[in-house]
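Here you get one chain, nothing else, as structure tokens; it is the form predicted alone.
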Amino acid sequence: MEAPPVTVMPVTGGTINMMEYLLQGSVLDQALDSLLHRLRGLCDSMEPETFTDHELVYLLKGQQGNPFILRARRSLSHPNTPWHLRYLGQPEVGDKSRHALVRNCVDVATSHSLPEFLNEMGFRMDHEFVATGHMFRKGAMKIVVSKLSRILVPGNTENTERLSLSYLVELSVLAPAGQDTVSEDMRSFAEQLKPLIHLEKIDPSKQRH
């Protein structure tokens, strides 16, 4: 089944209905320190926020077409904070000259009973993972560097296995529809991270769930 690119943004607050502008890339584990050093020099704060989050991906299968996908996420570092429910729309086909992938994003804070609510609504949990990493900010831009781990025993976030020998890096901006100038700002920032990492507009047709 084809799906939008997975995004691994930490639990940091809610937005109601915005467009997400996104560039993605990855760095090998041994290049992490060099990338973090570069980001400390470029971003608003020398020291990034750190996070450890647990995300569950839920599907609701209809009579036809692709299933409806929702993402439930909670902070393991701050267990008393609200859960977050995210919906990520299909990427806009639109202007090919646009430097970033653009898609609708709905993000709302919820109570801790979110998994039970989704189950009662007919959603089925498809997979879950733990994301651990660092988050930097540069103006409206958010830069997230995260290590993804699969959960070996369902629901047990202590029993995990790393998915790869690299870190996922995401540069994103949440903005109202039509604010396409932000993609130019993102491209300029991404240029400053080369050759450590090449952040790209990911082709959703090449992404697999």
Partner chain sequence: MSGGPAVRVSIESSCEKQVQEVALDGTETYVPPLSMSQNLAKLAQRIDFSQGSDSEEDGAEGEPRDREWGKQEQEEEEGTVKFQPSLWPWDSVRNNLRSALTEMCVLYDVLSVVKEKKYMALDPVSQDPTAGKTPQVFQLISKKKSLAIAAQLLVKGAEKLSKSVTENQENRRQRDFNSELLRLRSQWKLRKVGDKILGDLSYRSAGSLFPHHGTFEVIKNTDIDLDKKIPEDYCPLDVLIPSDLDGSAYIKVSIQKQAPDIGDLGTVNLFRRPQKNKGSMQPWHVKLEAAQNVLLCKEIFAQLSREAVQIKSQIPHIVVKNQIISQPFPGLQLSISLCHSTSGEKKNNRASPEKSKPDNHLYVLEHNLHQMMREFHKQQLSSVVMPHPATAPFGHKRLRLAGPLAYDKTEISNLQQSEGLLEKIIKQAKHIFLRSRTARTIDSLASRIEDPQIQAHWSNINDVYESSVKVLITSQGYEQICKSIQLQLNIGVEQIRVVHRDGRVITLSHQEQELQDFLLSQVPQLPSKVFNFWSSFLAVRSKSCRRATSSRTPSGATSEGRTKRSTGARWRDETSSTRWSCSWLHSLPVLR
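Positions refer to the first chain, counted from 1. Given the structure is predicted, the values throughout are model-derived calculations rather than measurements.
Keep in mind that the form predicted together with the partner chain is not shown, yet the notes after this line are about it.
Taking the partner from elsewhere, no residue among 90, 115 and 121 has a non-hydrogen atom within 4.5 angstroms of the partner chain in the predicted complex. Figure note: of the listed segments 176 to 184, 155 to 163, 29 to 37, 50 to 58, the one touching the partner chain in the predicted complex, with heavy atoms no more than 4.5 Å away, is 50 to 58. Among residues of the shown chain, residue 137 is one whose heavy atoms approach the partner chain to within 4.5 Å in the predicted complex. The partner chain is not shown here, but in the predicted complex it comes within 4.5 Å of a heavy atom of residue 75. In the predicted complex, the partner chain sits within 4.5 Å of a heavy atom of residue 142. In the predicted complex, at least one heavy atom of residue 110 sits within 4.5 Å of a heavy atom of the partner chain. Interface residues of 21 to 41, taken as those with a heavy atom within 4.5 Å of the partner chain in the predicted complex (partner not displayed), are limited to 41.
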